[in-house]
Structures are given as structure tokens and as C-alpha cells.
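Presented below, as C-alpha cells, is a lone chain in the form predicted on its own.
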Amino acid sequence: MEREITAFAPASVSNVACGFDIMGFALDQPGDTVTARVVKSPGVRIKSITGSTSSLPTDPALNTAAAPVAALLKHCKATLGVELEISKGVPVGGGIGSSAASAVAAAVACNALLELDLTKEELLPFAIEGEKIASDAIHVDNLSPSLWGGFILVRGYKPIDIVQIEAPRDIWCTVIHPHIEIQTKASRKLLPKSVPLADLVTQTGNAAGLVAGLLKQDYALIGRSLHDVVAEPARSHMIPGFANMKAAALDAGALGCSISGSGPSVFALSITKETADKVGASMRKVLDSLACPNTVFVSRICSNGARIIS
């Protein structure tokens, strides 16, 4: 048995405008790495958390990386323990799947460390234990892209039904992350308890249109479908300069633009890297004018998801 394993899991964009809790895709970068090693004392211990840590808890009961490992140890009735070193590349509370990346990387590393040979389908329920800590809810639109890679549709939750959709290779994603933190739990409380029928029709039409656009490589259809009439109106006021950033992205040539996950990050899809870079520069000008520190990521959709790196 290997005594130490390191796994990487990528950041992800969830909701993808019209697909609240049912759509997401992985980014090539940034991502989290988790090193897991066997120790004699039973249970899970967090040795260190480095990188974009904010104020992440080292108490295993409160940490999104430790929870999947504890569940895996219980599952295999292990008498040994696992020690974790977590390196955060994904901004905490940034809306690009920070908790999911840590949970997935830890689950993948522990699976290899303990030689459990669980499939990704079998690993997902363990990764969910980490996401529960972050949001008090079961949603896998960040977890599943981070685990599998690519573009994911969550067809249903009872039971969880994951559908992988092949996205056009020439699509690029721009993500701008304002350096503020929005907790998923707080952001979900802003959502409406009910949705008017007309909005339901619009949202489901856009979700279906986005899937069709991806499959047909119809970029105009993708652009027409990247509209959110449910979560974006309720959450956008939390993001500095959101309306101006969205307008700037579209003016720069983006197919569409919306909130990434629960925010504050904002994503835009483009057809070329040149356009994606231009979109990032245009959105950054908006935040710079507000004296809001920010980071821009430009990435293809990551096709291979979480993986062992050492």
C-alpha cells in the first residue's frame, strides 16, 4: 500500500446561468491539491492548510476535505488513520467550487491510499459529505464536474443521475473573482421560495436550449440560452459592479455571462481564447474602477477532472 498519495481536483462553474443546481463544468485552473498519508492513530487529522485558506477550520468535523475521508474510513472499517495536507488554489467562498474541489481531491486521494478501487460513481456519495458542511444541502453541480471533468448535467437527485455532455473544444471560459467572500449557505437564503410559472417556462427553455446548443455546437443558441431569471436577480446585488461587468463581457464578444455558483465570481463563455482574454480585461476594468481587488482566470473546460498527481 502506498503510504502517501496526492490528488488534484479542479475548480468548477455551477448553475451555468440557467441550470440552477443541475449544471456545471470544470475549469483547467485553478484547483486544490490534497495529500493523504496513513497514520497509526485512527480517524482523520488535518496537518496543514495552505494557499487561499481564508479562515478554514482544521477541526475535521467542520472541514470539507476531512468529511469524505472520515466517511471512507468508516465505510471500509479501517483501524488506521489518515492525515491530510490541503493546498487551496481555489478561492474560498468565491463561487467556483472551493468546498467541492477540496472534498473531491480528498476523496480521490484517500480512495487510492486505502486501495479501495471505488469508481467515481461510488466516490460521489463520500464527496457529498464534504459539500454538506459547506451548504447544508445536497447539490452536486460543483462536485460532479470536479470529479469527472467536462460539462455535467444532473438529471435528478432521487437518485442522483449524472449525465456527461461533450462541450465544444473551442469554448473558453473567463472567470473574474472579486476578492470578497460569499458563503454558499448565506447565498442560498436569498433565493425565492417560489417561482412564477412564466419564469419556470423561461428557465427550463433556456436549460434545454443550452444542452442542445452544446451538443449541436450551435454558439448562437448557447448565447441565447445563457440567461438566468431565477437566481441571478436575487443574488446579483451582492456582487460589486455586476451589471456593468456583464455588459462589458457581452460588448467584448462573450456568448453569455452570469454568476458563477453562488458568487461573487462571474463567468463568461467565449469561442476563442483571444475573446476570452478580452472579456476578462473588460470585466476587470469595471472592478478596478470600483477599487475592488480581483483575479481573472481564463481556461478551457477541463476534460479529465480529479486525478492522482503523485
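The first residue of the shown sequence is 1; numbering continues from there. Every value quoted in this text rests on a predicted model; they were computed, and no experiment measured them.
The same protein also exists as the form predicted in complex with a small molecule; that form is not shown, yet it is the one meant from here on.
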**Report entry** Non-hydrogen atom contact residue 31 with the small molecule in the predicted complex at 4.5 angstroms
**Finding:** no
Query raised in the report: Heavy atoms within 4.5 Å of the small molecule in the predicted complex: does residue 275 have any?
Result: no
Query - Exercise: residue 177 in contact with the small molecule in the predicted complex, heavy atom 4.5 Å - result: no
Query - residue 261 within 4.5 Å of the small molecule in the predicted complex, heavy atoms - result: yes
Query - Segment that reaches the small molecule in the predicted complex - one of 107-115, 79-87, 144-152, 182-190, heavy atoms within 4.5 Å - result: 182-190
